[in-house]
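Below, in structure tokens: the form predicted alone, a single chain.
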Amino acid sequence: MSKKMLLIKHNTENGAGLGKYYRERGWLVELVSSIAEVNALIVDGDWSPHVILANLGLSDGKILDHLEELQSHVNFSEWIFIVENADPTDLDRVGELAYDFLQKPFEQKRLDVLVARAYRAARCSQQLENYSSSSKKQYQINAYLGSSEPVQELKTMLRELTNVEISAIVINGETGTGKGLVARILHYASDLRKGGPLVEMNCAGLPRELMESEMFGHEAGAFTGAKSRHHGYMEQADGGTLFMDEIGDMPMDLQAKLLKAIEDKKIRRVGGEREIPFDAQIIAASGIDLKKACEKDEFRKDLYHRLSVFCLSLPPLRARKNDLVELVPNIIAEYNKKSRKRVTVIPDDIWKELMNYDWLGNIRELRNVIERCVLLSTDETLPRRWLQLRDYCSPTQETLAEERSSEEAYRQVNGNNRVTIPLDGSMSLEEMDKHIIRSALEQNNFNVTETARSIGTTRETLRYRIQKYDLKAAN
């Protein structure tokens, strides 16, 4: 991406040398000398530079008098002013509105440092806005795919919840049902919280000895290794949403401290002496039933009652199998794009197998199955052989008979040519793909045409795989 600079100089002859200097260093530079020219570029021309380097006074007025209006057209531009004998009032306004300023005389190195910093700030602001915009679009209510009755009820609740200010919400659901997705929808689809941060904390992924520090933060010297101040998850989420996943794994003593922080809306860093105001929506998720955990004294009742202002229960995939009709094509399209595949056909026998399976791992398991099938596909059809939905550890006699029949049919068509792949997790999906292509090439003496025919793909696709994995015949 080109680095863009706008030079606003009261004398274009004086600015020409500076423009040449930055062009030689890779900048795309525009040079103007009046407010009218600035408006022509920014307002009428819709040109948005990363850095604007400007004199205060121009031939037709002060740039400061137009700065706020101009900034509305260049949201991600950073202004640097070069001033000489400036009025103190103007300097105060410059300090308030601009990224920085330099007073003449100054060294070129000093200006270079400011320009580099301003460019990084402009790019960072733009990237954050792009990320925020994509997140807002990605995590709207319809991002939770499905039209079954349980999903429709869930979406109705989500619409209600995103329109009101609720201090805490509990999300219950089996692993893989989309608790994280629902938390992001509750944040980004809400006009009340989406302008603030969404901070995610996985209570199951933090060691006990670090959890308090990560949650509340710590001061420098609070414990061995605490070399500087650390802002914890709760402090980071101030003004937004704190998503606490697997909260059922939080130790009981920390549950008491969390309850006090939520009740008082204040936190105290580990080793700190003062309390810090805290205001964030708390979304707590758990794969276990927190209400039952309270009955077994495995979760604090008072914390549960404080968090459960509203409870959402996410349906397992086996309770909404009709949603597979929407879920499967969407997931296939996602992995087609990621792996440069072109799967578009789902045979009836595959649909039947998908519908008959219980999906104990829910959406996460479904995504894994589809990813494997798409990655190992050789044409437009989703391959049935890579579904692997049966329990191969304890197959029934009926399953064994079906497998023997399928294996015999495979041998009749393909002879003894076969590829064996371990399914114990020792090979990644990409390694499996590479292994299949290499084995097929070896069986066909690296004849591309014959190999493509034997595995049911095109020569172009096979050549792409050969180049990708650097598969060449040994000399």
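Values in this document were obtained by computation on a predicted structure and should not be read as measured data. Throughout, we count residues from 1 along the sequence that is shown.
This protein has a second form, the form predicted together with a small molecule, left out of what is shown; the following refers to that one.
Candidate stretches 68-76, 250-258, 356-364, 295-303, one within 4.5 Å of the small molecule in the predicted bound form by heavy atom | Stretch 356-364 is the one.
Tell me, yes or no, whether Thr175 is in contact with the small molecule in the predicted bound form, where a contact means a heavy atom of each within 4.5 Å.
-> Answer yes; at least one heavy atom of Thr175 falls within 4.5 Å of the small molecule in the predicted bound form.
Gly180, heavy atom within 4.5 angstroms of the small molecule in the predicted bound form = Answer yes; at least one heavy atom of Gly180 falls within 4.5 Å of the small molecule in the predicted bound form.
Classify Phe101 as contacting or not contacting the small molecule in the predicted bound form by the rule of any non-hydrogen atom within 4.5 angstroms, answering yes or no.
-> Outside the cut-off, so no.
Does any heavy atom of Glu246 come within 4.5 Å of a heavy atom of the small molecule in the predicted bound form?
-> Yes, Glu246 lies within 4.5 Å of the small molecule in the predicted bound form.
Select from the listed residues His230, Arg93, Lys266, Arg320 the one whose heavy atoms reach within 4.5 Å of the small molecule in the predicted bound form.
-> It is Arg320 that has a heavy atom within 4.5 Å of the partner.
Select from the listed residues Ala121, Ala143, Ala189, Val270 the one whose heavy atoms reach within 4.5 Å of the small molecule in the predicted bound form.
-> Filtering the options by heavy-atom distance leaves Ala143.
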